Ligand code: AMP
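Only one chain is included here, represented as structure tokens and corresponding to the form predicted on its own.
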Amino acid sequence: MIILKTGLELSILLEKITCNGTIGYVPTMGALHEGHLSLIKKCKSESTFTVCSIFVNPTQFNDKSDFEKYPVKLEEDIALLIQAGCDILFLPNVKELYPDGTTLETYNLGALETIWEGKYRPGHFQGVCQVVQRLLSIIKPNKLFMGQKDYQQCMIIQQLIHLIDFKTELVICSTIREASGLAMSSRNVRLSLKAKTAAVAIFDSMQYVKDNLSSNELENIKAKVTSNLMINEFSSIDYIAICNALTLESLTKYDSSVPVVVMIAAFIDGVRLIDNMLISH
């Protein structure tokens, strides 16, 4: 695996190899787990060359303490990527991606920026778009691979691709879960063993929504989910959303012709966890 730290070096290398095949790209912030590695595997199966980046992007953290606590495991990450067969690892620093500072242009993201994650993490999606635009401009991948666990973020990135007119296809890959059902996340390492066990209540709650959605008692379903999370030691809940999966508009009643996504963001053991489940009947 080739490791590069500057965009110039990476661009020169990729220009040489693109004539020999396609480039697939997996952006990460490190602290890699099986979810990330599944993206690498998918990327390798659909691309000639696989590029991964590790960069903890400061502009997408609206909570400074969350940025400071984000786990860094670079040596372990490199070993995992080598084992997974990644071809190129891009390791930029902040100055490399933000040479003129982090106050940058804004993006017209519409209503998506003001609801759910956008509401509770103001500025987050602007920061995501800033860094992804820079990375895509350097790498120019044929395909970009991201996980469904960040469902709203995937919708934002799809919008960014259209806004900037990148010739990149977004491939959204299924969430990888532990045997318990808990979605794999870099933040899980900050959970105590007790909290990690209790956190499975997020998955159980989404399954409850799926099983009871056709009853059309959406407010009662949300109340049951709230109760279940609080009983299982979640300290607070940002949102329990039952939405149109295409627009993220909150549903007032169930319609079997409308694709549905249930999304939850809640705190346990001082850690904010998010998850979602697509529901079709």
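All residue numbers are counted from 1 along the displayed sequence. What you are looking at is a predicted structure, and each value in this text was computed from that prediction instead of being measured.
The protein also exists as the form predicted in complex with adenosine monophosphate; that form is not presented, and the subsequent description refers to it.
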**Report entry** Heavy atom of Met29 within 4.5 Å of adenosine monophosphate in the predicted complex
**Finding:** yes
Query raised in the report: Does any heavy atom of Met146 come within 4.5 Å of a heavy atom of adenosine monophosphate in the predicted complex?
Result: yes
Query raised in the report: Taking the shortest heavy atom distance, is His33 within 4.5 Å of adenosine monophosphate in the predicted complex?
Result: yes
Query - Ile176 within 4.5 Å of adenosine monophosphate in the predicted complex, heavy atoms - result: yes
Report task. Spot the stretch among 207-215, 167-175, 86-94, 112-120 with residues whose non-hydrogen atoms come within 4.5 Å of adenosine monophosphate in the predicted complex. Result -> 167-175
Report task. With adenosine monophosphate left out of view, choose which of Leu39, Val51, Leu229, Ile242 has a non-hydrogen atom within 4.5 angstroms of it in the predicted complex. Result -> Leu39
Requested in this report: Report the residue, out of Met155, Ala195, Ile78, Met184, that has at least one non-hydrogen atom within 4.5 angstroms of adenosine monophosphate in the predicted complex.
Outcome: Met184
